[in-house]
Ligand SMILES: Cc1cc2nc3c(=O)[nH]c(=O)nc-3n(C[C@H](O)[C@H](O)[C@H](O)COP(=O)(O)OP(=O)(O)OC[C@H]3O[C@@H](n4cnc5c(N)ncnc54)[C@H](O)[C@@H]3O)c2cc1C
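Given next, in structure tokens, is a single chain: the form predicted alone.
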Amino acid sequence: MRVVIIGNGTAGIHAMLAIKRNTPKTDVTLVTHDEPFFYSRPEITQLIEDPYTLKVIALPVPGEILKDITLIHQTVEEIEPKTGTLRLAGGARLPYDRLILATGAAPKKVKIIGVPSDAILTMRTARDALRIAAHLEESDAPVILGGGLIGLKIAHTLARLGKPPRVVVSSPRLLSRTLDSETAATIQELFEENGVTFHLGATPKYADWDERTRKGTLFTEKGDKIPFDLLLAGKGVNPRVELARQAGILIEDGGIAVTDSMETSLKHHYAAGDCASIFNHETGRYENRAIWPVAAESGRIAGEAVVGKLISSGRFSAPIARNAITFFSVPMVSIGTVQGESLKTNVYREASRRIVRKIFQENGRIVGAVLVGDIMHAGVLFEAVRQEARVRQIPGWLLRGAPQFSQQTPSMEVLFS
């Protein structure tokens, strides 16, 4: 059986590993238009600080697996399901018996009147990060468009390099999809202490831009006049679904619709990672969640399903939002649902250490958590959300982040009984 994987990001790598670990003799070909090796995309901001860290962010894929796959550095132009072939750039055909689409996502394009689109840099690949590093050397006034995780990761890196940027955010606060308003304000204060300036509720209107000097002024709808010599966009991503759409594969919630075994609307065609929308049996809807844990898990499941090694208990369940990141040595974790008028909020604060821990409940169930400064028991909280644990009162040790168990953590039934 010939399996072809399109994409060498998190989902593609985990699909490849799952196939080779379960059925080593399966013929696997991986096609990518990105760098022809495997690296950690969440770590690419390191390349802005030091381009020579490219080897550091490379993923340690076992050598015996690398020797036993075919890696093609090429762009796929078209999927031809009827003949079971891919048409590559240049016209070459690549046959397959099973296909896994791990095409990932592309940065959302930002258009500003007065600035050429190629002058607005994005960050998604190693190549993007190296391009930013090259432009940053001559920059004294970088401006970032977007106050989500991508925009803040770039801002964090620039501040560490001694070039704290201005960040233009259309919404009235940072991390509007990740944190509640109070913890978002805590993160904002942390960035401001490190020199970053925020323009909240500011939608870009147009810019005066001198292409020769690469300097300009950005004007927002609220009247801000923001000088810049480097524009960086961190406005989120859109799933890459062009190939799937052309092949007649169903698209839902912006991504490629898949079952809980990652199969698409076409038999023997699978999708995983940021490009996929996974069916949520609880809501009855397809959901696209472009986060690393979902990409890794869905890639593994796709790989196992392709070679018939997926057991029913291993199928993908409803994806739970989760993010973990550290800014200026302050760790932060966000899990599940953290916003909503119907939520009951349990809070623990330590202002002196900038610690905020919040656990959110709905109808007695633990549905989400935000931990800033102290992320102890994040794993327990994730399991509580995943298993929909019910509890009348949150245990004090869990809310405060106090050490509770010296050995193996008991089951959810014991913890919340």
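Residues carry their position along the shown sequence, with the first being 1. Since we're looking at a predicted model, the values are computed, not measured.
Below, we turn to the form predicted in complex with the named molecule, even though it does not appear here.
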{"query": "Candidate stretches 41 to 49, 363 to 371, 381 to 389, 350 to 358, one within 4.5 Å of the named molecule in the predicted bound form by heavy atom", "finding": "41 to 49"}
{"query": "Proximity to the named molecule in the predicted bound form, single hit among V115, A105, A233, A257 (heavy atom within 4.5 Å)", "finding": "A105"}
{"query": "One residue of T345, N194, S176, N323 in contact with the named molecule, assessed in the predicted bound form (non-hydrogen atom, 4.5 angstroms)", "finding": "N323"}
{"query": "The named molecule contact at V4 in the predicted bound form, heavy atom, 4.5 Å", "finding": "no"}
{"query": "Proximity of T75 to the named molecule in the predicted bound form, heavy atoms at 4.5 Å", "finding": "yes"}
{"query": "Proximity of H268 to the named molecule in the predicted bound form, heavy atoms at 4.5 Å", "finding": "no"}
{"query": "Partner proximity in the predicted bound form: W292 to the named molecule, non-hydrogen atom cutoff 4.5 Å", "finding": "yes"}
{"query": "Complete contact of N8, V31 and I150 with the named molecule in the predicted bound form (any heavy atom, 4.5 Å)", "finding": "yes"}
{"query": "Residues in 108 to 138 with any heavy atom within 4.5 Å of the named molecule in the predicted bound form", "finding": "M123, R124"}
